[in-house]
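This document opens with one chain alone, in structure tokens, the form predicted alone.
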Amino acid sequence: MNWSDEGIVLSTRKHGENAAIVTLMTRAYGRYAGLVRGGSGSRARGIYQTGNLVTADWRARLSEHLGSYTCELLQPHAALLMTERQQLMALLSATALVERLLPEREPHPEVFESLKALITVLEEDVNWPSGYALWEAGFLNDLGYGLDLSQCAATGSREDLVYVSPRTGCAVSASAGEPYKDKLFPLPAFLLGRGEIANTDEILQAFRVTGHFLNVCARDVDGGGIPEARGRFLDRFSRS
């Protein structure tokens, strides 16, 4: 069995003397791992860095086998972000979340495209922190844990939405949420998709919301938590 596709490198783990197990997020085949012979050597190291875009050929005798990869580098995103510490940490957070929470070998082309778009935002957009927060919100939707911010869960109103329920992920209006505001998350306006420019406090509020539901998803997967890479990024961003 074999296939060919584009993929974004999610992780590379040394295997044996000089091989590596590489996990890609591919457009057509989803999250997929394979063995790369010589993948931990100096010549291949530049290809299999997290975030790089590659073309991949995967081969195995049977579909359930680990299989092996042969890849060529298309875009060296890791090298382009190497001098931008916070953006690089955001990239490592996003790729770790995809590897941790997305089911293996299930097609999710929308996740591939959104991750590819996020990498462009990290490289080019001065407002990349809000772009990353919006990516997490979209990723939750792809996982089936999407936020419903279209109207107030209690009244059906589309006006004055200022809270998010930690139980349901639904928006709550100011009047309906006032008696319970200590138990609700603040809803930053930019998450409503109206084009507002977010400040740092609003972005941190968004990370609190998305982080809560990412943790819910992780617990549902296997009882564990979300990757440490996200915590390191959030700590760095909050201190900057």
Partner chain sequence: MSSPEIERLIQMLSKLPGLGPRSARRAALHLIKRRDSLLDPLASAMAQAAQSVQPCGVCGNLDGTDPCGVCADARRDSSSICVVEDVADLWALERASSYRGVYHVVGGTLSALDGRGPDDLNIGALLGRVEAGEVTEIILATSATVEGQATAHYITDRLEETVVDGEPQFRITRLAHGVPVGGELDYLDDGTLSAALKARRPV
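Residue numbers count along the first chain shown, from 1. The structure displayed is predicted, hence computed values, not measured ones.
There is another form of this protein, the form predicted in complex with the partner chain, and it is not shown here; the text below is about that form.
- Residues placing heavy atoms within 4.5 Å of the partner chain in the model of the complex fall in a single listed stretch, namely 77-85, out of 77-85, 111-119, 160-168, 131-139.
- The listed set 98, 89, 143, 152 contains one residue whose heavy atoms approach the partner chain in the model of the complex to within 4.5 Å, identified as 89.
- Highlighted residues 4, 36 and 70: none comes within 4.5 Å of the partner chain in the model of the complex, counting any heavy atom.
- At the 4.5 Å threshold, heavy atoms of residue 50 reach the partner chain in the model of the complex.
- In the model of the complex, the partner chain lies farther than 4.5 Å from every heavy atom of residue 222.
- Put simply, residue 15 is far from the partner chain in the model of the complex: not one heavy atom of it is within 4.5 Å.
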